[in-house]
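Take a look at this one chain, the form predicted alone, written out in structure tokens.
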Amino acid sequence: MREFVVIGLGRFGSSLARELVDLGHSVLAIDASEAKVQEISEVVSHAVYANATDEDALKALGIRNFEVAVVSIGEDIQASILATLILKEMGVKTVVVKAISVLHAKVLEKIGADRIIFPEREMGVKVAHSLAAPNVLDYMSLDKDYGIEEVAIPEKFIGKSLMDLNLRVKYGITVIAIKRNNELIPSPGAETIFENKDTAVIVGTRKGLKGFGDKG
């Protein structure tokens, strides 16, 4: 179990906090709105009404002891930047920050944010991939050239092994896991045969992923 602190309980922050709890982790949720704190208080490990730009308040909560801090403050860019700066100066190992603009992200990068995310943009990319290729169930970009997808196996691939399909040569992709009957088969061997209703987690170039996705 890991310990997270989520600062800012808007739609993204509260959803993130709930999911982390569901995954079995400890979450301290912080917001300047008493109503939002009250709403999530029965879900997370601890929920606190506090100003994230108040360094003394954060120190009193022992924030420096948390492994990961997520700053998901909404439209208040100044508060987001200041909270990030305080967390880094306090020595929090990993600080993840939600950005709402490219300029915001550039500032966060300069002050040391470990990861910057654009929730709406990332979700838009995932939806675009699922619409363009209906058998694509999920998508994550690794960089501008590579990505990871979870895809439903095309019917014509069922009953064939990875060796038979030779996906790396044909599409430039690698199957890193197969999901079958709610179980995960990591690093499947070349002899592994696709079965009905299997889904595959694949990594490759954008071109290769698109080529495979189009087979659905």
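Worth saying up front: this structure is predicted, and the values here are computed from it rather than measured. When you see a residue number, it is the position in the sequence shown, counting from 1.
Omitted from view is the form predicted in complex with ligand ATP, to which the following refers.
Undergrad: Does Ala32 make contact with ligand ATP in the predicted bound form, using a 4.5 Å heavy atom cut-off?
TA: Result yes; Ala32 sits at the interface with ligand ATP in the predicted bound form.
Undergrad: In the predicted bound form, does Leu165 have a heavy atom within 4.5 Å of ligand ATP?
TA: No, Leu165 stays farther than 4.5 Å from ligand ATP in the predicted bound form.
Undergrad: Does ligand ATP get within 4.5 angstroms of any non-hydrogen atom of Asn51 in the predicted bound form?
TA: Yes, Asn51 is a contact residue.
Undergrad: In the predicted bound form, does Ile73 come within 4.5 Å of ligand ATP, counting heavy atoms only?
TA: So Ile73 counts as contacting ligand ATP.
Undergrad: Among Glu109, Asp138, Glu120, Glu89, which has any heavy atom within 4.5 Å of ligand ATP in the predicted bound form?
TA: Comparing distances to ligand ATP in the predicted bound form, the residue within 4.5 Å is Glu120.
Undergrad: Which one, Val96, Leu85, Ala133, Ala79, lies within 4.5 Å of ligand ATP in the predicted bound form by heavy atoms?
TA: By the 4.5 Å heavy-atom cutoff, the listed residue in contact is Ala79.
Undergrad: Go through 149 to 157, 187 to 195, 43 to 51, 62 to 70 and give me the stretch that gets within 4.5 Å of ligand ATP in the predicted bound form, heavy atoms only.
TA: Only one stretch passes the 4.5 Å heavy-atom test: 43 to 51.
Undergrad: Would you say all of Leu9, Phe12 and Lys36 touch ligand ATP in the predicted bound form, counting a heavy atom within 4.5 Å as a touch?
TA: All three within 4.5 Å in the predicted bound form.
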